[in-house]
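Only one chain is shown below, in structure tokens, and it's the form predicted on its own.
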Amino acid sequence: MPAQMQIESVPLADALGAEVHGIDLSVPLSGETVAAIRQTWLDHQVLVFRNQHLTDAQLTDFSRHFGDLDTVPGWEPFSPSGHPEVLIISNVRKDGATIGVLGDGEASWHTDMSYLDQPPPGSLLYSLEVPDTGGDTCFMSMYAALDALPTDIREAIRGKSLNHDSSHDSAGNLRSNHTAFEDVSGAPGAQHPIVRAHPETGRPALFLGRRLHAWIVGESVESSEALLDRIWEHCTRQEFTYCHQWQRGDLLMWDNRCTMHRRDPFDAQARRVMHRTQLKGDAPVRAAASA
């Protein structure tokens, strides 16, 4: 019988993030418990569940409470056997080959796969092995960043869309199936509203993807770069962020529709193994003109 649990959440930062207590994610959950978790997620944007002990089947079962699961094209070889919806994030090598993706380097601020027409609305990441230091993951509230955005910048981006480059990864590396370009206005990728409406909360949020190779559609490259520099300088202020220091058994879930995240580098000789799921994509919708 599904378990109904009384959950408690403790905020982790002013802008976003909450640690959820009183729940074992390895067991079937009641509809009431799932609804409480979803509302807490919508309220805090990033949830942390400590001391979990999950199999890949249990991870996918929990993830499916929040939507259909998707796979990452091209990364199918890095899924555990029998669990195509799980992606291994790791720097560990076995028999000369990596067992996962994304290595040990820094990952700059980004929104997961925003270069797609339908980016994933959320992602979940479960830690199996973590280094003693480094590899922290930081999150940014795009609600809070928009709420505090200077009026002149808000007016400058009203009704505008951003092109999200698909040719480079979050570390800035050119993907193997793309060619280099000089003019960012010709970069491949999806175009999304800079200010989007969250489909569940209705709140407007900035939707920036990645800074590198971004272009405000219809602007000259020079004016686009200048405006984006101002936006990013504003958004990356500390008061909009929460930085998570991983422990083994942590499960994090974040709302891709109103947050961004980045990862600190760590010692290449240390082991870091994470298992990740992502929700099936939806198309961003422009916020109301008054947002």
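The first residue of the sequence shown is number 1, and the count goes up from there. Computed from a prediction, not measured in an experiment: that's the story for all the values here.
Just so it is clear, the following notes concern the form predicted together with ligand SIN, a form of the same protein that is not shown.
**Request:** Give a yes or no for R257: in the predicted complex, does one of its heavy atoms lie within 4.5 Å of a heavy atom belonging to ligand SIN?
**Result:** Judged by the heavy-atom cut-off of 4.5 Å, R257 is well away from ligand SIN in the predicted complex.
**Asked** Does ligand SIN get within 4.5 angstroms of any non-hydrogen atom of H110 in the predicted complex?
**Response** Contact check for H110: yes, within 4.5 Å of ligand SIN in the predicted complex.
**Asked** Could you tell me if R263 has a non-hydrogen atom within 4.5 Å of ligand SIN in the predicted complex?
**Response** Taking the distances in the predicted complex, the answer for R263 is yes, it comes within 4.5 Å of ligand SIN.
**Asked** Within a 4.5 Å heavy atom cut-off, is F240 in contact with ligand SIN in the predicted complex?
**Response** Judged by the heavy-atom cut-off of 4.5 Å, F240 is well away from ligand SIN in the predicted complex.
**Request:** Let me know the one among I216, L208, I89, A144 whose heavy atoms come within 4.5 Å of ligand SIN in the predicted complex, would you?
**Result:** Checking each option against ligand SIN in the predicted complex, the one that comes within 4.5 Å is I89.
**Item:** Candidate from A190, L102, L149, A187 lying within 4.5 Å of ligand SIN in the predicted complex - any heavy atom
**Value:** Contact check passes for L102.
**Request:** Tell me the stretch among 36-44, 53-61, 246-254, 223-231 that has any heavy atom within 4.5 angstroms of ligand SIN in the predicted complex.
**Result:** Heavy atoms within 4.5 Å of ligand SIN in the predicted complex occur in 246-254.
**Item:** Triplet T137, R272 and R276 all within 4.5 Å of ligand SIN in the predicted complex via a heavy atom
**Value:** Every residue of the candidate spot has a heavy atom within 4.5 Å of ligand SIN in the predicted complex.
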